[in-house]
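Read the single chain below, which is given as structure tokens and is the form predicted on its own.
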């Protein structure tokens, strides 16, 4: 027997669900919504090039900052002649400088990221592409780095909307590889990128050696750090039972375990404690910790959650 689905005349059937692990990293609908956003920094960071962001420096924007007494050699175009007419004294008008902002996106490409449904790596690729897009269309300097057991890929500084396709293509070509050695990867990143800026680290932060030794290179100091931890639903609520042999995805270590409900409960408690320790570590050093499950639609994360936490505005 064939079942024919009933339809209401004149009503368009709902679209089929989209598989989050396939399709383009960014589609035109999402990009149109991202056009309304910009990267925010809680720190006043000096840029290298003229841009659209207010600086502490005095410059030549249209936004007035202050007056100072005229001295010989100053540009006569900036004398306030109205004040001269009233006070018979020369004052120079100062304006705020506008500079660009450096935005660093550090993407975890270690093997452990290639897990879950929706897939963690694909999810982080899409978030990285969205953040990079926002940075580029707002004329910020965007650098994207892939890290695993070191700094495995680096775009170099990119600027302007015309670089969007190059950035997205770069992210598409990244593949999960190698174990996580966050300390070495972050050390090399910090050595190669000494300019101050906003630094977004996208990772599951599952590092055997611990995340502390790596994050200390990007926490505090010259970077405004946002640590975004992405975990799969299967890691938060594992559906396992019985006698199993588990293999570590990064170094192939094997462990034979008997999965019971008390063990699952202990696993969740340990995972919560681990995430909490990461949050406290980042927060104590002036950074911002954000947690997401890949079950959360990536555009919801970017358009809502990251705005609420101050990364975008």
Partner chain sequence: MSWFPTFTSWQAGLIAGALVIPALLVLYFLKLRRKEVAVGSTLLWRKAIQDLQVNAPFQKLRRNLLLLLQLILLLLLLLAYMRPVSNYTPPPGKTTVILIDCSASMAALDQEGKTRLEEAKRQAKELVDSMPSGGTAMVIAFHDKADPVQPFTADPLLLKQAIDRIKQTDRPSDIKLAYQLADAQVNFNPEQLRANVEPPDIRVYTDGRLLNPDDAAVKGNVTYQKIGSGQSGNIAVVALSAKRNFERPTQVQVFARLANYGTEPLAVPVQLSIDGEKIDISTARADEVFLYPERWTEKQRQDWEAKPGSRRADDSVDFKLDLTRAAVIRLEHLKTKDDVLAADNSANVVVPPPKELSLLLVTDGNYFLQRAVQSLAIKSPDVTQPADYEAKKPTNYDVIIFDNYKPKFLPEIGNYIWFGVVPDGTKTRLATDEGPTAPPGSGNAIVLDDVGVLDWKRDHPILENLGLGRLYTAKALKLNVPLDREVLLDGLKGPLIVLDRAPKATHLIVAFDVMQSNWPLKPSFPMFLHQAMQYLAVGQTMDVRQSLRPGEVVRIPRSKLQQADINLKSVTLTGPDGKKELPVTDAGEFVLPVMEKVGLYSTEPAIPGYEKLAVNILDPVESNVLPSDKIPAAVPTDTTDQGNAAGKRRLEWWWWLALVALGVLMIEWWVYTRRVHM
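Given the structure is predicted, the values throughout are model-derived calculations rather than measurements. Numbering follows the first chain given and starts at 1.
One more form of this protein should be noted, the form predicted in complex with its partner chain, which is absent from this view; the next part is about it.
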{"query": "Its partner chain contact in the predicted bound form: residue 240, any heavy atom under 4.5 Å", "finding": "yes"}
{"query": "Residue 267, heavy atom within 4.5 angstroms of its partner chain in the predicted bound form", "finding": "yes"}
{"query": "Contact label in the predicted bound form: residue 235 to its partner chain, heavy atom within 4.5 Å", "finding": "yes"}
{"query": "Non-hydrogen atom contact residue 208 with its partner chain in the predicted bound form at 4.5 angstroms", "finding": "yes"}
{"query": "One stretch from 243-251, 66-74, 281-289, 22-30 that, in the predicted bound form, holds residues within 4.5 Å of its partner chain by heavy atom", "finding": "243-251"}
{"query": "All of 133, 293 and 296 with a heavy atom within 4.5 Å of its partner chain in the predicted bound form", "finding": "no"}
{"query": "Contact residue in the predicted bound form, chosen from 203, 112, 148, 125 - any heavy atom within 4.5 Å of its partner chain", "finding": "112"}
